[in-house]
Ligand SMILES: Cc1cc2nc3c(=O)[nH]c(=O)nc-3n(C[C@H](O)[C@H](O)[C@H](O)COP(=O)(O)O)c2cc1C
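One chain is shown next in structure tokens, namely the form predicted alone.
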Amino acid sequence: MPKKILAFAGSNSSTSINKQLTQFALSYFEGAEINLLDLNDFEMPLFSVDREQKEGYPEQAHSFLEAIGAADIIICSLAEHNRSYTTAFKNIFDWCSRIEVKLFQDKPMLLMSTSPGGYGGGNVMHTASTFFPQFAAQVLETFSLPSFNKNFANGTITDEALKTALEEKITAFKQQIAAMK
């Protein structure tokens, strides 16, 4: 069982449904030290090469990378805006990857997404699951929750089949991590 978990939602919304899904998934990791990040704590100027050359790297980017480095695993749920990452997450990603191209530092990852629609953030999930490994993420399991408002209430997945599907993904994720040691 991993001792240190870094978790975040790829959203800066104060009512993020992806943060709610992340918090629910974390409930299956009893006894772990959990660092649940809020992307609002990592707000930086919009990335540009000119800004990078003139001002260097923001401290928030270094802090985000340090949080990844201190973790054994990463659990995240990405919000989808116009079939891609949110601007808040993409900006953090852009800054951090300029400091360290292997920004996920070979950490095992449980990658999730959700949205109000029936596809459950499937577009961003597909993009991230193929793209993150190029930045040293070991995406071991993925889970997408469709129709969040229909299938999630009071801090839990209400559709039993979907809840069981996530539980199975988490069990497989834990087994894969155990086999790595």
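Just so you know, these numbers come straight off a predicted model, no measurement behind them. Start at 1 with the first residue shown and count on from there.
Absent from the display: the form predicted together with the ligand. The rest refers to it.
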Practice item. Examine Lys90 and determine whether its closest non-hydrogen atom to the ligand in the model of the complex is within 4.5 angstroms. Key: no
Point to revise | Touches the ligand in the model of the complex: Gln23 (any heavy atom, 4.5 Å) | key: no
Exercise for review: Consider Ala79 of the chain shown here, and say whether it contacts the ligand in the model of the complex, taking contact as heavy atoms within 4.5 Å.
Suggested key: yes
Point to revise | Interface membership of Thr15, the ligand in the model of the complex, 4.5 Å heavy atom rule | key: yes
Point to revise | Region of this chain that lies against the ligand in the model of the complex, out of 111-119, 57-65, 33-41, 150-158 [heavy atom, 4.5 Å] | key: 111-119
